[in-house]
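Shown below, as structure tokens, is a lone chain in the form predicted alone; questions about how it binds or moves come after it.
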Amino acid sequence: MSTTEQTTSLRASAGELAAQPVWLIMRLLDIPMRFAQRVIGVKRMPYLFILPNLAFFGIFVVIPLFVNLVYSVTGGTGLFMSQRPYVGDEQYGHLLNCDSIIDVSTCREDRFWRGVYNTLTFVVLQVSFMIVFSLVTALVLNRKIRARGFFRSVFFFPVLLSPVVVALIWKWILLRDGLLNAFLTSLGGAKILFFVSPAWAMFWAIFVSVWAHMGFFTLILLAGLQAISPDLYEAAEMDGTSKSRTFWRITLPLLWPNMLVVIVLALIRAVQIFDEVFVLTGGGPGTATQFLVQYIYTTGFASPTQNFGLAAAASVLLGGALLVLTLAQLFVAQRKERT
């Protein structure tokens, strides 16, 4: 037997030896599976495989949602349900009690409405910039450029970082004695107190959020662009169609399903913004960057008098707004597809 044949034989023996524990486990699992198949039948076996996932979803999603809904109609300061009296819609009435929702100072719970307005401002600006920058980046990365794989990795890399890590990095850059101010002073400029000005704080909250998550949405749009047949662009070029008309008539309509996914996910993520901004600005200056989720967290857990009922009611309103917003987008998308 030659040396090559001996090496191949040794590798095959090693592979069989390594596979023995796996085969043993599979044979042991085969016993309960065969028993389950005899008891519930072959057609019901798929339900057995999805049962762990359904149990996980029920324990960590459905039950907490139900508990949160129950807490929203109770009062008091106790943690356990036996210590909390039923108050009906009192918590919701407290949140929605305003002489004029345009003037936050007339609202009984002005911090809640300040969080609403800050969140709306953040969502409109952040989602708009996110979609535009993600689309432009995807269009550029879809072209035949040098080191295309490298640049795709670079744009996606921030998505792999923890939001807290992202916020800490940018906070180190933007501090009074941070990297950006050091660069400005080296050019003869003055230091800018980014976290003292409400406008600057909101700008950097939006910028950091777009920078951190743009790669994920770029990847979705890039996948949609690559699914478009090149023959369509060749036909448009042969007909003498301009680049802008090709984009509006071919690229954007065929990219719409991916764009819808990006819009829905970006809106949900923007409405639920918390960790990055909380680490970056702490909600300041004042309440300039305090959003709804931070209000819920502060009211329910971080304030000296923890108001679980009020925080639960605010979270129910937030969840309802997200549900309505998502359903409205899907309705508009379906009507657009029909037309």
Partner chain sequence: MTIGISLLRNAALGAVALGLLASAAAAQTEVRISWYNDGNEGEVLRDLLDRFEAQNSDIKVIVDTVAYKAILESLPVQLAAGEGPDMARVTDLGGLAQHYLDLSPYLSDTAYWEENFGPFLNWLRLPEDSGSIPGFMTQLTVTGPFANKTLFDQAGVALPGDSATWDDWAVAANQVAKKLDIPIPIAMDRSGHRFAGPAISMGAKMFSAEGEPAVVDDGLKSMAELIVNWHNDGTMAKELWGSVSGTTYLGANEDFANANVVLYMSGSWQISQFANTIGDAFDWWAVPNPCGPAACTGMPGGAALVALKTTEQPEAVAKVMEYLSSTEVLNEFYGRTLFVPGHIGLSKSGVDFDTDNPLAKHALETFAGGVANLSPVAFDLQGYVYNRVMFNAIISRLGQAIVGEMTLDEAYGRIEKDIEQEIAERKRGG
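These numbers come from a predicted model, not from an experiment. Residue numbers count along the first chain shown, from 1.
The same protein also exists as the form predicted together with its partner chain; that form is not shown, yet it is the one meant from here on.
Heavy atoms within 4.5 Å of its partner chain in the model of the complex belong, among the stretches 82-90, 257-265, 151-159, 136-144, to residues of 82-90. This chain appears without its partner; in the model of the complex, the one residue of 124, 169, 104, 236 with a heavy atom within 4.5 Å of its partner chain is 104. Checking 37, 68, 272, 306 for any heavy atom within 4.5 Å of its partner chain in the model of the complex turns up a single hit: 306. Taken together, the three residues 77, 193 and 310 all come within 4.5 Å of its partner chain in the model of the complex, as judged by their closest heavy atom.
Under a 4.5 angstroms non-hydrogen atom cutoff, its partner chain in the model of the complex has residue 288 among its neighbouring residues. In the model of the complex, its partner chain sits within 4.5 Å of a heavy atom of residue 301. Heavy atoms of residue 249 never reach within 4.5 Å of its partner chain in the model of the complex, leaving it off the interface.
By the criterion of a heavy atom within 4.5 Å, residue 176 is counted among the residues contacting its partner chain in the model of the complex. For the partner-free chain shown, 109, 110, 111, 114 of 109-127 come within 4.5 angstroms of its partner chain in the model of the complex, judged by any non-hydrogen atom.
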